[in-house]
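Consider the single chain below, provided in structure tokens and representing the form predicted alone.
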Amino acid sequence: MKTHGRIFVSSAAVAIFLMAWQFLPTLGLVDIRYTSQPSSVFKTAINILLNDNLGHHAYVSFMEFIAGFGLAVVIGIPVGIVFGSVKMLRQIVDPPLMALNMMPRLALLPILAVWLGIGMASKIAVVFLGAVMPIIVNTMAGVRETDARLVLAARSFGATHLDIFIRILLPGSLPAVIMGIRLGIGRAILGVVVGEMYVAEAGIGFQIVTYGSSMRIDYLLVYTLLIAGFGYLLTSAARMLENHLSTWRPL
């Protein structure tokens, strides 16, 4: 019943918002030139799907996201586990790691564009830098919160470092790892869009800045909502996985 209630409230809120968005410009309460309407956005979405080479731009952005975020997961989780499990190493890297985590990675975009060019490589680098830090930091926290008695017990029974990693550290830190991945998704999507807005030849961000500069609000909103929907689906999937693993315990 609680689930149905949440679905009803969410659906009602979306319906009210869409109705207000549709009728307020008609009543003259807001300027339609700057807000458009759902009906116009829907028509524009069909036109974009048929005539605006959407598949190519979506493919470019998706590949940049997958490559950068995949590298962040593959590198961030092992690095976080190593830093979290070796106390001396953690004490050495913790201050610069926290400084890098607070630094706006998008500020490095001009440098990355000079180093890597205006192709996909610079955007992949921005996505990687944006996503890898929350993954490392949360993985470190998850490893540190793993029950040390389990590690001690495993060592007393002759467990190897690999056994401890696979059977204790990795399962024990999974909820924190998933939380880091969820946070990294948002930063990765932001990196793709801003990177393509700054310097690119194709992609969703490139289309957003193109239509935004010409004040074509309908087109701008379609691409913006596309990015928002993609991010919502990914973060919802990560949140569901996070809730599922919140009671995970190492065996």
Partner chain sequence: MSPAFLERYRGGFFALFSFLLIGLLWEFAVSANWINPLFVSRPSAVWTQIMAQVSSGELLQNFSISLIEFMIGFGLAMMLGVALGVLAGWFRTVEYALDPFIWFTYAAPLIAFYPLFVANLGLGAPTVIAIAFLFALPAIYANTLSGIQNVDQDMVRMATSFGAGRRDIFLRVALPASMSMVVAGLRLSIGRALTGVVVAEIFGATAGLGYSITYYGQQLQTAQMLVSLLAVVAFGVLLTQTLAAFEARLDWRSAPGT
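In this text, the rigid core denotes the largest set of C-alpha atoms whose superposition between the two forms falls within 1.5 Å. Numbering follows the first chain given and starts at 1. Worth saying up front: this structure is predicted, and the values here are computed from it rather than measured.
Below, we turn to the form predicted together with the partner chain, even though it does not appear here.
Only one of Val60, Leu220, Ile48, Val41 lies close to the partner chain in the predicted bound form, with a heavy atom inside 4.5 Å, and it is Leu220. Among Val74, Ile111, Ala153, Leu162, the residue placing a heavy atom within 4.5 Å of the partner chain in the predicted bound form is Ile111. Annotated contact segment (heavy atom within 4.5 Å of the partner chain in the predicted bound form): 192-200, selected among 192-200, 62-70, 48-56, 22-30. Contact check for Val82: no non-hydrogen atom falls within 4.5 Å of the partner chain in the predicted bound form.
Ile118 falls outside the set of residues with a heavy atom inside 4.5 Å of the partner chain in the predicted bound form. At a distance threshold of 4.5 angstroms between non-hydrogen atoms, Ile185 is out of contact with the partner chain in the predicted bound form. Put simply, Val86 is far from the partner chain in the predicted bound form: not one heavy atom of it is within 4.5 Å. For the stretch 83-111, the set of residues having any non-hydrogen atom within 4.5 angstroms of the partner chain in the predicted bound form comprises Met88, Gln91, Ile92, Pro95, Pro96, Ala99, Met102, Met103, Pro104, Leu106, Ala107, Leu108, Pro110, Ile111, in sequence order. The two forms, fitted on the rigid core, differ between the shown form and the other one by less than 2 Å at the CA of Leu234.
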